[in-house]
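Heads up, what comes next is one protein chain in two forms, each shown on its own as structure tokens, labelled structure 1 and structure 2.
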Structure 1
């Protein structure tokens, strides 16, 4: 065991055990209650708006490659894309997906095809739907601006890991009058999304998206386990800092083990 990681490892394993436990519970039909997440409720509305206006939905699943530490965010973005693609397939609404990472492109493309297939409309898939735009940050941003302006996108959904281009995409979307929904865990981009978008999924809310929208038992169960993790963090910080205040250092020392 690597020194300094023992406590982390214990916490890691306990958390995985929780995930498994709740998943098994969900399989036997016990699903947790989930509170409303307005940003996710708005997705249906956003697709509905695009359908009414007869203009496309523009979707960006972040800009990060699938083999990096940002992958979890990309995957969260792709999970929500799956849901959005099913909705656009169902309502015959035009969908455009802008991809920035070369190795995300085949995955995004497969997801959209599969979603249309599951809705019984594989013939509606066109190559333009999932476009690799550019892996260069601002070539990507510029291409997105062009698409939004050319298509007059009715709704713009940005979920994944974003960097500096976040503001440009969000405000650019607002300029064409689109309804904007955005989510990321990159903390320094969240403020831009909060300021410029109609709905924002803050941090963990984006990871809840797949579960919330698909109602998939396995994913929903994850949320319950995540909440236990947060309660642990909450109590550990509260009680630990109190103990530190009165002179006990072991809550800190234990984490360092």
Structure 2
């Protein structure tokens, strides 16, 4: 075996075994426990508020293209969009989706159409539901603010990768009196969302959204296996650091194998 790959291979096999174990349990009906995430629970409340007021839900799945370093956040935002679209279809609530990346637009459009189809309301889908606004940062932010003000959005959901436009979008939503749910893993933007939004998904809470909302056995099993893997990694780092400090080198040497 190539030097430096043995430890990686062993860790991969252990994680795979853990994933298979949790997947078998999930498929037998024993779903792993996922702690309550208020920001995700509030999505139904936000859609319900929009329904009562007769005003739309405005959703933004981040500003990043789907093939860049921030793709994981964009995909997380699109997964949660599926849940939101199903709720708006179920309650006959107007939905607007603002997209900043050209290669995200067809994916978001397909998700909305499929969600309405699954709810038995494909005729409710309109071309203007999903709009490509601009790939320029502040032109995109200005377009989002225009939609919020024109529609007087009842609820604004911002989940994905956001940058300097985050505060503009959050404040714009607050100015029209919208319930705002936001989520990102960009540490520089999280404080702005916490300060300006009603609910904020912090870091990995956003990535857990698909499993949390859908209760899909495969997704929840994957989430549980990752969490257990992180616990083992933390313990290895902690115990390994202590052992290296007192003179035992094998925790570091094993990782080099």
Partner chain sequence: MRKEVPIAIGFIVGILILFEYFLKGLWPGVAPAAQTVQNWGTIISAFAMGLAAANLVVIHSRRIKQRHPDAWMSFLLFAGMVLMVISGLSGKGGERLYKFLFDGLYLPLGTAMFSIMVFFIASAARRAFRARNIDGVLLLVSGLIVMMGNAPVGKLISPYFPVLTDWLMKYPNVAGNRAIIIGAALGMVATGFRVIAGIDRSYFGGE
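Positions refer to the first chain, counted from 1. Between two forms, the rigid core is the largest collection of C-alphas that superpose within 1.5 Å. Computed from a predicted structure; not experimentally measured.
- Shown as structure 2 is the form predicted alone, with the alternative form given as structure 1.
- Once both forms are fitted on their core, the CA shift for residue 36 between the two structures remains under 2 Å.
- Fitting C-alpha atoms of each rigid part between the two structures shows the smaller part swung round by 19° relative to the larger.
- On a core-based overlay, residue 242 has a Cα shift of 3.7 Å between the two structures.
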